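In structure tokens, one chain follows: the form predicted on its own.
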């Protein structure tokens, strides 16, 4: 027989957004009885734990969007949290590098967008000035963004988990939610692997399984998650000096992914990546990780085929770059020409939960959907880790309304 419990709020999903939401609720009302179910053996097992660790400044986001607003507030809250808890981080700045004259006008567009989003010290660099920040980088111009930083989000999430457990929140690990129903008294009944919870409000922070959990709870949505794997290489220790901090390309407005870039990590290593290939499983970090259910679900989704037709040539190149280290190295050499195949080794990968609609359009901003006694996070893409504490505040406010908690 499964263990039964009654709580005020049940959070499903132990990634950084779910943990931040439980934290915000516990801080606001310490009398709330809160539980969190995570299907893996520990928190931060998927998108959070495979994050590249960038503290985003908010350069790319449409002014006034949830991404722009929550990134700005979330960055300030995150930095304060790291300082309070002695979590290693660094505000090191980054370069957005134009390698072709045709990209220079887009640098100015990005600068204007960054200024509109509250960044105060971003400025354009001439070709000659680039070496002052990144001696090995080569470009015709660059944008310097000093507010960008680095941190280990897995470590941040584990701190969140310890925080909420100290406040009385129960984190039940190894609990996969299999059913979400109703009781006659209006509470939600959530059945997991070994536990059953009755909750006044359920918060779904499912990440790669966000759409499935929402539908399990009876929320009608046309959003489907399509998983894209991003693969990384890492510089060998003797060649880490090729990159001082972070070097990004100018984003291609016709392609939905950012492209290969360099990120120095707080551990001292330097990552290069990611590419973007269709994952054959929602939690598929290697080509051999295949889920028949996930693959058939993607192939049956009309939005995927509309996106694929639009970006067929680029998609084929991304697959080739996944299979060919030489092709991946050529992408790195666009930014840092002196890198060779011998300077890198294949490192980890992450899977991005790309929320899409049937017409092939991407859900670009954060997306939440409320139902009877439930709040679903349908889309929490980058910069969700940077913005996690601010997103937690938004979810807290909505949950307090849904549950009518005082």
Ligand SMILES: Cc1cc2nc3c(=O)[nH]c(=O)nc-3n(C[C@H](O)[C@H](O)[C@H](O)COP(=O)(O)OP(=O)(O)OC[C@H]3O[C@@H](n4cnc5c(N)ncnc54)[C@H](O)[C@@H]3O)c2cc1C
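Numbering follows the first chain given and starts at 1. Remember, predicted model here, so these are calculated numbers, not experimental data.
One more form of this protein exists, namely the form predicted together with the ligand; it is left out here, but the text below deals with it.
A.B. asks: Would all three of 114, 146 and 251 be in contact with the ligand in the model of the complex, where contact means some heavy atom lies within 4.5 Å?
C.D. replies: Heavy-atom distance to the ligand in the model of the complex: none of the three under 4.5 Å.
A.B. asks: Given the stretches 367 to 375, 345 to 353, 62 to 70, 25 to 33, which is the single one in contact with the ligand in the model of the complex, using a heavy atom cutoff of 4.5 Å?
C.D. replies: Flagged stretch: 345 to 353.
A.B. asks: Hey, in the model of the complex, does residue 54 get a heavy atom within 4.5 angstroms of the ligand?
C.D. replies: Because a heavy atom of residue 54 falls inside 4.5 Å of the ligand in the model of the complex, the answer is yes.
A.B. asks: May I ask you to state whether residue 384 is within 4.5 Å of the ligand in the model of the complex, using heavy atom distances?
C.D. replies: Close contact exists here: in the model of the complex, residue 384 approaches the ligand to within 4.5 Å, heavy atoms only.
A.B. asks: Indicate whether the ligand has at least one heavy atom within 4.5 Å of a heavy atom of residue 81 in the model of the complex.
C.D. replies: So residue 81 does not count as contacting the ligand.
A.B. asks: Consider residue 9 of the chain shown here, and say whether it contacts the ligand in the model of the complex, taking contact as heavy atoms within 4.5 Å.
C.D. replies: Answer no; every heavy atom of residue 9 is more than 4.5 Å from the ligand in the model of the complex.
A.B. asks: Sort through 136, 234, 175, 318 and report the residue having a heavy atom within 4.5 Å of the ligand in the model of the complex.
C.D. replies: If I apply the 4.5 Å criterion carefully, the residue I get is 175.
A.B. asks: State the residue from 77, 226, 213, 141 whose non-hydrogen atoms include one within 4.5 Å of the ligand in the model of the complex.
C.D. replies: So the residue touching the ligand in the model of the complex, by this definition, is 213.
A.B. asks: Across 74 to 97, which residues bring a heavy atom to within 4.5 Å of the ligand in the model of the complex?
C.D. replies: Residues within 4.5 Å: none in this stretch.
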